[in-house]
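Here we start with a single chain on its own, the form predicted on its own, put down as structure tokens.
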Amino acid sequence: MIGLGVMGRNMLLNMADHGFRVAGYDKDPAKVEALQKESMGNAIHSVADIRNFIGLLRRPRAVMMLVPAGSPVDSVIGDLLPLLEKGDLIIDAGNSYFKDTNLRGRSLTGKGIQFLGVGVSGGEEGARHGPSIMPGGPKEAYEQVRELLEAIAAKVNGDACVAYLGPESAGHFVKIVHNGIEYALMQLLAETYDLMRRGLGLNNDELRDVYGAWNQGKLNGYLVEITSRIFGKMDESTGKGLIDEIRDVAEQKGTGMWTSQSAMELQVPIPTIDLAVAMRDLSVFEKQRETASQIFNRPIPPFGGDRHVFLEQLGHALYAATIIVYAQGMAVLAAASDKYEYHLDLEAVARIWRGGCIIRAALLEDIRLAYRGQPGMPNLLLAPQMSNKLMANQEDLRRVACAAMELGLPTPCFMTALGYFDGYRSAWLPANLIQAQRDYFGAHSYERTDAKGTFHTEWTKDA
């Protein structure tokens, strides 16, 4: 393992727990020393010299990197190449951009070095006790480390949350989409928080209980679970709820943006994920928002409905929007599978996301079964299991969107989820007007409903 930060160190300890003899390397002697202390009694060697590190490994060597995406990955590969031999394997387990993974894989293959791009989700806890693992690259390279990855992965009903996903960058592409879904689910939860806090006036204890109750039902999932816990955490220095001491500025590392970029290249609409990325960007404009709040001041009116009824509707709306978010993400994977020849098994993707990863949720079992029944399905919303669930909750999604507009509270992900749903289920869209406009100002032509071919009209010419 190269990179002994939180993820690398914990994954290495996970490997040792499962009986594998492993070695760790980091340029930072403090991280090497920390691993040495934590691994007392385990078959782990930790060194700060890369030559000594490579010398510890048996041939053919398998080296995993957990370093930041971008130039650090290329730097590590550059350090490794003079020390490796043909047949050795490099595994990039970081959040790398899939096109970079393709370039690295092709370059290394030309030098006789195997390369896997592996998505890993689960954070610190997942790395230590079982993450969801998304490998892509040469099948023979995956087989070289399959036993190890299956051992350390999370388990759901005895199934390891890891599967070979496809050639080249298949694993990293799936991880990018995983993170896009994660962005949208987090933003939806943030919007429910805003509606309950500023709209209904719920306190932190009440919020904790609502999310806790949701997690016991159909909304059961890791993000809902931790959200409930967050509202129960007190700040030691102030004695107040810790959530109230945290600035409303959300950071990002770019994987959500990559999801949106990739979807646009594939011409697959994912507006809810796009808006989740945009809202993180908007949160950064803190001073501008403060100024705008004074210019456009509009007090939030008192909520006039039944609070308990609205909370039930809000839960149903969140469930409907969650289905739509997964559908958008899976639609990107379906398109990428064809475009990039990944040959993804979307049932397997849903299966390995059921445990260990950040977006794990009870709903993923239903999604897995939907793809098992209809493997070539272009959109999850077409599956009877999903369409029935969505139709049963869509009216509450509409009620919540209307309530948010009346209150003046921003819920862009709820609204785009609803807009996407209404657009997708519409047999007719007003795109004919757009085609007429394009032909009017740019002579781009259009197709007719009553004749084949393309047509152009001189719009300013008198009839």
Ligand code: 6PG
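In case it trips you up, residue 1 is the first one in the sequence shown, and so on. No experiment lies behind these values; they were computed from the predicted model shown.
The form predicted together with 6-phosphogluconic acid (6PG) exists for this protein as well; it is not shown, and the discussion that follows is about that form.
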Assess the spot marked by Lys155, Gly221 and Arg351: is 6-phosphogluconic acid (6PG) within 4.5 Å of a heavy atom from every one of these residues in the predicted bound form? no
Could you spot which one of Gly232, Gly254, Pro167, Gly212 gets a heavy atom to within 4.5 Å of 6-phosphogluconic acid (6PG) in the predicted bound form? Gly254
Quick check on this chain: which one of Arg280, Arg372, Lys389, Arg198 has a heavy atom within 4.5 Å of 6-phosphogluconic acid (6PG) in the predicted bound form? Arg280
In the predicted bound form, does Pro138 have a heavy atom within 4.5 Å of 6-phosphogluconic acid (6PG)? no
May I ask you to check whether Tyr183 falls inside a 4.5 Å heavy atom distance of 6-phosphogluconic acid (6PG) in the predicted bound form? yes
Using 4.5 Å between non-hydrogen atoms, is Pro271 touching 6-phosphogluconic acid (6PG) in the predicted bound form? no
Please tell me whether any heavy atom belonging to Val120 falls inside 4.5 Å of a heavy atom of 6-phosphogluconic acid (6PG), as the geometry stands in the predicted bound form. yes
Look at the stretches 235-243, 379-387, 70-78, 120-128 and give the one with heavy atoms within 4.5 Å of 6-phosphogluconic acid (6PG) in the predicted bound form. 120-128
Using a 4.5 Å cut-off on heavy atoms, what residues in 167-201 are near 6-phosphogluconic acid (6PG) in the predicted bound form? Lys175, His178, Asn179, Glu182, Tyr183
